[in-house]
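In the form predicted alone, a lone chain appears below as structure tokens.
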């Protein structure tokens, strides 16, 4: 092995150990830590973050990355590792360590402040903290921005390499022009699809049992993973043999926990399939938030909302809830889980209205970073956009601007990945339909060939290839939103007889 590469990897092992410790704190904060803990625990997180930063961002590491970038005796994974480390270094090298530590302490506390503000339905309680976070983000972006580049493009690229606001403007323009008129047509016939069965009382303990079964059914390996509960479902991992997902349960909404569990399992399966050779390294994770979201959406929507998927397992659900589902046929259930019923809450949104939730957040983030909109004005802007695009306004800040945790963690530029992921999922499914009998596999309860294909063409590569490279290698085509628009149009035209 190249000696310089070997020396660098010893440094990186330490960096990854700090990252693992920080991941555990994040997991604990969301699943079990006492409500008041973060005021003090954030100091520990700040110190660990400082150690993570200084062990990665220093002259010795920079020299090794630079030297290795010019050497030819590295294999594919090693070259990808150096490319990834170079990108990380460029993202962080101009940030003073003290600022980085202060920012990490701030975001560690911010989730609790956000949660309490949400409970009180008061954006004013969160606004000062959000303003601090935004100011840090603007400052950090300014350290990295190059001539003729926009600060927001810097943040977008962190989550989805190669996607800037120019490309995303075009992407969202297509979605906007297709989805808004289709949603209006569907809304006129909304009452033709009944899903009242979904809002009866469903015992939470039985929901836990069925959701665990579902996770295993789609391929989540409980020898390598666990499932817990949190206010906002998420997936995290220490490595490919320790993957953790959460879901939540609503006694009067069976569908919520079911599709949350399938969604997070999609994320988890991706991480479990990362090649052992690269796990616990900077490229040992999903390549981007968009590609990650494509895997969760693929399992949740393309597979999980299909009749073929439910054909072998719907009897189990009916057996579990004999009284509530006694008069619900498979056909009725499939129509119900695919019903378009626009909601104020993104995480509960149907497939058709979902991209509009993302469009709104994207447009607001652009305003924050390109127009210097005042934080105090954000709720009014938010509400106005919901009225314009979806014909509804939130009753309060809790179901409005405070509904998502992302900004509390400083994740600006993240939201577009959700729409990108949905588009990728539709594109991948369309391609897989052309090369394998995917519907028959689902009817047979055999998801193995589907998972194996995704593993061989996406999962195992981790972050050694970016999103468009993976798509190009798989189907000889980069991201194309037309597949997503075709999928939504055909699905809802058929469901609501809009012919």
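Since the structure is predicted, the reported quantities are computational estimates derived from the model, not experimental observations. Numbering follows the first chain given and starts at 1.
Another form exists, predicted together with another copy of the chain; not displayed. Remarks below refer to it.
| task | Go through 468, 455, 430, 41 and name the one with a heavy atom inside 4.5 Å of another copy of the chain in the predicted complex. | result | None of the other options qualify; the answer is 41.
| request: Counting non-hydrogen atoms within 4.5 angstroms of another copy of the chain in the predicted complex, say which of 317, 95, 238, 180 makes the cut. | output: Contact with another copy of the chain in the predicted complex is made by 238 alone.
| said: Would you classify residue 242 as touching another copy of the chain in the predicted complex, given a 4.5 Å non-hydrogen atom cut-off? | reply: Because a heavy atom of residue 242 falls inside 4.5 Å of another copy of the chain in the predicted complex, the answer is yes.
| task | Verify the contact flag for residue 25: yes if a non-hydrogen atom of it lies within 4.5 Å of a non-hydrogen atom of another copy of the chain in the predicted complex, no if not. | result | Output for residue 25 is yes: heavy atoms within 4.5 Å of another copy of the chain.
| Would residue 51 count as a contact of another copy of the chain in the predicted complex, using a 4.5 angstroms cut-off between non-hydrogen atoms? | Flag for residue 51 set to yes.
| task | State yes or no: in the predicted complex, is some non-hydrogen atom of residue 21 no more than 4.5 angstroms from a non-hydrogen atom of another copy of the chain? | result | Although another copy of the chain is absent here, residue 21 would touch it in the predicted complex, with heavy atoms inside 4.5 Å.
| query | For the chain shown here without its partner, which stretch in 127 to 135, 85 to 93, 218 to 226, 395 to 403 has non-hydrogen atoms within 4.5 angstroms of another copy of the chain in the predicted complex? | reply | That would be 218 to 226.
| query | So which bits of 31 to 56 sit within 4.5 Å of another copy of the chain in the predicted complex, heavy atoms only? | reply | Read in sequence order, the residues that approach another copy of the chain (within 4.5 Å, in the predicted complex) are 32, 33, 34, 35, 36, 37, 40, 41, 43, 44, 47, 48, 51.
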